[in-house]
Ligand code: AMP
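Take a look at this one chain, the form predicted alone, written out in structure tokens.
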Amino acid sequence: MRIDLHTHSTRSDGTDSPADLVRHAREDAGLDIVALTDHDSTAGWEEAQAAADEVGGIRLVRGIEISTRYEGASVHLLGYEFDPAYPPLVEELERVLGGRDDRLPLTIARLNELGYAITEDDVHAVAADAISSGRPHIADALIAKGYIASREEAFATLLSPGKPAYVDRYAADLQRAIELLAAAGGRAVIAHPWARESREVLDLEVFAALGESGLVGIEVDHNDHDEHDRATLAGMADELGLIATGSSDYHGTGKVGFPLGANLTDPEQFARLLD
């Protein structure tokens, strides 16, 4: 059984519609189970489920990737099979999405000062049906204008922390987000914990404490983790009784080298996740 628990559609910063993502997952990647985990939004669930019903042979896991912070560092939190109408969670997600929207004009202003002639309309045009316009969409607008060649270049030179056009935004408190997902009947899994800045703040002691708040798993097998990272994280998960997942973090053409099914979740681990 082939299981991929981390993908993105055009409802956040992927390039496949929710329906096309499901079709590609089944017909091209041969997945039996796929989770749609758009950033801070569940807007693609209905379309993705309709496609799964139409295609057949594939199960959709309804998920999300929430932008959070822990000790000042950005940490991404995956949530699965929760009630999307749970009021406290809805309120928190609205705050997170509002932070994305508030950041857009500030980032555009900085880019204009740096000589990049793009507008909010340019960003909205490339964002299409995304619920909120984020930094990947700003990168896409820069690409469309011919200023840069790829999202990777935009983040490396302009949009990442410490770069000249970076603007901070609101993100949920990690522990609070875990508690909200649990209260909404969901399962919380830390996404790519040792990728980027989250590596500096997430260790065995922190995972243990978060487990007491409702964390159920760690995304171990991810393209941003080397073999040593994977082995160490798997050992931590086993020691703490946490679930170890694997997934692609697929974004379509928006993230090169992360194809559907690039990493998979063991069926026994998946059964534990939804137990």
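Bear in mind the structure is a predicted one, so any value in this text is a computation, not a measurement. Residue positions are given as counts along the sequence shown, with the first one as 1.
Same protein, other form: the form predicted together with this ligand, not shown, and the subject of what follows.
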item	value
Answer option from D203, D102, E152, D129, heavy atom within 4.5 Å of this ligand in the predicted complex	E152
Answer range among 83 to 91, 173 to 181, 144 to 152, 119 to 127 for contact with this ligand, defined in the predicted complex as heavy atoms within 4.5 Å	144 to 152
4.5 Å heavy atom contact, G79 and this ligand in the predicted complex	no
4.5 Å heavy atom contact, H225 to this ligand in the predicted complex	no
4.5 Å heavy atom contact, G254 to this ligand in the predicted complex	yes
Any non-hydrogen atom of R187 within 4.5 angstroms of this ligand in the predicted complex	no
Residues of 13 to 43 having any heavy atom within 4.5 Å of this ligand in the predicted complex, listed in sequence order	D13, H39
